[in-house]
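Here we start with a single chain on its own, the form predicted alone, put down as structure tokens.
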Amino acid sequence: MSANLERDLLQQGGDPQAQPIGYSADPRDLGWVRQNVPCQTACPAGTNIPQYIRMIVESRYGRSYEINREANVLPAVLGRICSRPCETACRHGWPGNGEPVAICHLKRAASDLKDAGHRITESLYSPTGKRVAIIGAGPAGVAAAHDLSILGHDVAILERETYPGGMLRYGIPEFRLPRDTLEIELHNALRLGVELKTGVSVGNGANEVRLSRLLEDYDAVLLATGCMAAQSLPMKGEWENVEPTQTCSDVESGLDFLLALHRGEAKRVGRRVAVVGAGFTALDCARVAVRLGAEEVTIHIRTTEEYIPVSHEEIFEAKREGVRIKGLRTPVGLRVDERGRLTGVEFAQNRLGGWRSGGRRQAIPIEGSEFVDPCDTLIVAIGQKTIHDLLDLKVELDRTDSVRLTDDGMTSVRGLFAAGDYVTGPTTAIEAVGQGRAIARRIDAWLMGKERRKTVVRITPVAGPLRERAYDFIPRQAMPTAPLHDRCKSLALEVEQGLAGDAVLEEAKRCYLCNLRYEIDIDRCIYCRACIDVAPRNCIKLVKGVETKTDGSYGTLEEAKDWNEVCAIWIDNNECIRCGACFRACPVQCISITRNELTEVEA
């Protein structure tokens, strides 16, 4: 059945609930979802955000949780530590619309509020007899293992640490991600027969497993080892070409600091702690230092606070805990006493320059502006890099020293794939999950000789509007947090306590439900303009044409200025807030509502 025929059926009279559900691979339908559901498009895992939020409104928390698991595999984890690109894209946060919906908090709420006896259901493929080895049990490796096991392959994960989770366990403090939550989510993801081998290191050492041997024993091997080497801090003068973490005991990389802490080592910091860096690792190190008893903790950044790629809530909570943020400074040297103990960091004052890729500003040092900021401990958290010391065979690298991949995700070695931070450099947990799921489909297609899954749009008739205009004016609900005097003394007490009660429903009602498509049947429309008269925004327009993009999706509307130019009355879904006023006002019922959502089906 073609997409146009499906749409014609949906627009016929009768009970919409009795109309057929359609599946479309038409580029116009695929393009519509990607263009008009900005939160889902921004999510690296492609989570069906409007639908899982709608399930919360209906108090179907278990179903909401399952919709999340279909895409992001670890909902309770990502509901706590996700970088939230969806909220940046949320239409509710666009100018004049208020604050974005708390999408991340609602993801956690679905997990927290589902029944204790909730049953996870997944559609499994028959066993294929193919064997896949995954090196690394971080978010990319776990996501790939989950999907490959569903597709019927025998999967083994080799993890060098004692427990799985990668940076989720060893890089993120427990006050942000409780370990019992992580354990449950990892179990759920790996429960379908994945063989987990911890304490197994792949490399060239005496007791390490050779990568070449894995390629002999398995049909495919996936490298998902992440970025496990800290970036060095470049400085000037006598400290140029010197690695301070190797020469001064009071200087440590943020990565090593957190790894040691979460491996169970006792960590100590000085009275005054300086952290250099502007990401999640820097904030985590600073907040850990507070809990370890530091009296003064300062984060030093090269630009200004507004360009820190961390959620505003994380920054706010860090400041509440006493962390200070000082901007426009670049470290250029260290000060040590006669015993070799750190006494301060020398900085150069910066000024903001032009824009860099990624929306951040350049930091330009001001000549002769050097100054010293005293401290006892320096934690360097300026980034991480990929290392290839596990390779015992030649793998082609690109000019940035990253592994080169073909379009199917394979390296230059047949059967050897790579994904996650190992390929891209340090990213976020949700990006790693998205890449893990994408590489799983590519590995499956290579193993089976064909694509077995494809993405289509499921088009479901909706009987009437699902939200009210009054929902637009509900303020964003605040996340309850643990008291300061309790949290700052504990590395384990979770800071964000989770939305509960009426706050969950109120926040969920704010969602615009952008996956609802309002359309006017121009053959039935009598051009009475009743819909235009009741529209609270400029979302219904008289048009004489619609741009069609090269991918088949619709582009810019060409509005008509005179009645004799009008070809149709068109609902601009980019402006529509799904209030349903037009649907209720139409005297001839020529406006239809359908739910349009991406889904995977058999190819």
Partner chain sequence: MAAVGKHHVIIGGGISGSQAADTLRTLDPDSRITLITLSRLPVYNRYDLPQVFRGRQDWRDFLVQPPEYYRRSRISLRRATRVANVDATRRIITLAHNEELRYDTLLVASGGRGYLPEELAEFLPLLDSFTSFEDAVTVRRRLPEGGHVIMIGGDMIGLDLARTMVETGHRVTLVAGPQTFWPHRLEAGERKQFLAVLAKMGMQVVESEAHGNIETIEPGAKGMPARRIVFGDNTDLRADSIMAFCGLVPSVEFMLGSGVDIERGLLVSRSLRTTNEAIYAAGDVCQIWDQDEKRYRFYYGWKNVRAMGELAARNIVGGDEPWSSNQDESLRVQENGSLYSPFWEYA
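Since we're looking at a predicted model, the values are computed, not measured. Positions refer to the first chain, counted from 1.
One more form of this protein exists, namely the form predicted in complex with the partner chain; it is left out here, but the text below deals with it.
The partner is absent here, but in the predicted complex a heavy atom of Gly327, alone among Gly327, Gly344, Pro426, Pro100, sits within 4.5 Å of the partner chain. Among Asp398, Glu216, Glu238, Glu306, the residue placing a heavy atom within 4.5 Å of the partner chain in the predicted complex is Glu306. Using a 4.5 angstroms threshold between heavy atoms, His485 counts as touching the partner chain in the predicted complex.
Although the partner is absent here, Phe473 sits far enough away that none of its heavy atoms falls within 4.5 Å of the partner chain in the predicted complex. Although the partner is absent here, Gln349 is a contact residue: one of its heavy atoms lies within 4.5 angstroms of the partner chain in the predicted complex. Proximity of Val372 to the partner chain in the predicted complex falls outside the 4.5 Å heavy atom cutoff. Checking 315-323, 447-455, 220-228, 264-272 against the partner chain in the predicted complex, the stretch whose residues place heavy atoms within 4.5 Å of it is 315-323. Within 4.5 angstroms of the partner chain in the predicted complex, the stretch 82-119 places a non-hydrogen atom from each of Pro95, Gly96, taken in sequence order.
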